[in-house]
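There is one chain below, alone, in structure tokens, taken in the form predicted on its own.
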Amino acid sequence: MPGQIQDSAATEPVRRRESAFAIGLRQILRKRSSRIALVILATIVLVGALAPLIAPYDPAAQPDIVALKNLPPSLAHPFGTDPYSRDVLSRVIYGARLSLTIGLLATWVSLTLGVFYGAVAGYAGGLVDGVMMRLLDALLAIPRLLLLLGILVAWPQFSVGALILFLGLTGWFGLSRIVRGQVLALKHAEFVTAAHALGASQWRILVRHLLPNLISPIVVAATLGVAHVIVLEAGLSYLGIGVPPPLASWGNIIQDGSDQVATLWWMSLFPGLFMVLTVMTLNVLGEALRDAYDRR
């Protein structure tokens, strides 16, 4: 009997530990709302990525500023034209590409800074942690939108790269607090103590042992952060201090028709619809990932 038990145990397949990506994907595919959100988001991303092939017109072309301006939706221009005779459908497609790119890159900058700052503060502890957290409190006291308005208004000429940098540099404060709290909870765990006993350096413990256990909150923060940056960029572009013309983003498309909303309704409806769908799908996916990792 003991031999049979040992044989059966030896033949039992070894269960591999699921990665954070596998856990999140399984949770997303389990729920119908998450599957629909994933399909919608993938479609919008694909449309933006293939913008040069899909867009029927050049988004900056002004073929006839007199005869073709302010045309309502038609077969030739399904989303109508703007006051400069530009095709709104083409601008919305290119706007998807630019708005998603800004959201992803700015969030990547925020994640890099927030994870590094929070991990160092939580792992160092003591006086270093106290000083870093007081500095973070001072930064959190400044409203992000007000800070961006002050920077962008004071800098009249800036590129899309500068806009991405500003959005990223002002968006990592909250994430750093989350990362710090997680590091404080994990740095006295048994696997960290074992790594210390084996002679691992402080930096190796932080990078190789602690940070991989923070993938779950980082992924959730990234998903929700992209949605927040897209809305923030659209608001800045609507105010005329975001994406510089003639580049197309959802915010400045709406801004082009803001003085005639009642008559040029298509200029607010279509880019606004794309933006709302993108933000809603990102929020749904973020909530699904949060549920998956919280259960785990």
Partner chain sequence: MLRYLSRRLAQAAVIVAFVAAISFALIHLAPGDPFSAIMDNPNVSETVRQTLRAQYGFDRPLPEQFVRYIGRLAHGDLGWSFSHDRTVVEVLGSALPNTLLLMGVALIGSFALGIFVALVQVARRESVTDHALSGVTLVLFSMPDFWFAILVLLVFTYWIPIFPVGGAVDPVTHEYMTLGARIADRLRHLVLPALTLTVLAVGTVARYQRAALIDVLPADYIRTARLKGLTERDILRRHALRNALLPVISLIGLSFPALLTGAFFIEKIFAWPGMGLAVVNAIGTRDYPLVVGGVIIGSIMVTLGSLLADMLYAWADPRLRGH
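Positions refer to the first chain, counted from 1. Note that the structure is a prediction, hence the values are computed from the model and not measured.
Below, we refer to the form predicted together with its partner chain, which is not included among the displayed structures.
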Proximity to its partner chain in the predicted complex (heavy atom, within 4.5 Å), stretch among 87-95, 102-110, 212-220, 127-135: 127-135
Non-hydrogen atom within 4.5 Å of its partner chain in the predicted complex for each of V160, L167 and L289: no
A197, A185, A76, L139 - the one with a heavy atom within 4.5 Å of its partner chain in the predicted complex: L139
Contact of A248 with its partner chain in the predicted complex (heavy atom, 4.5 Å): no
Close approach of V229 to its partner chain in the predicted complex, 4.5 Å, heavy atom: no
Contact test in the predicted complex: G235 vs its partner chain, heavy atoms, 4.5 Å: yes
Contact flag, I241 vs its partner chain in the predicted complex, heavy atom cut 4.5 Å: yes
Within 265-291, the residues that have a heavy atom no more than 4.5 Å from its partner chain in the predicted complex: W265, S268, L269, G272, L273, M275, V276, V279, M280, N283, V284, E287
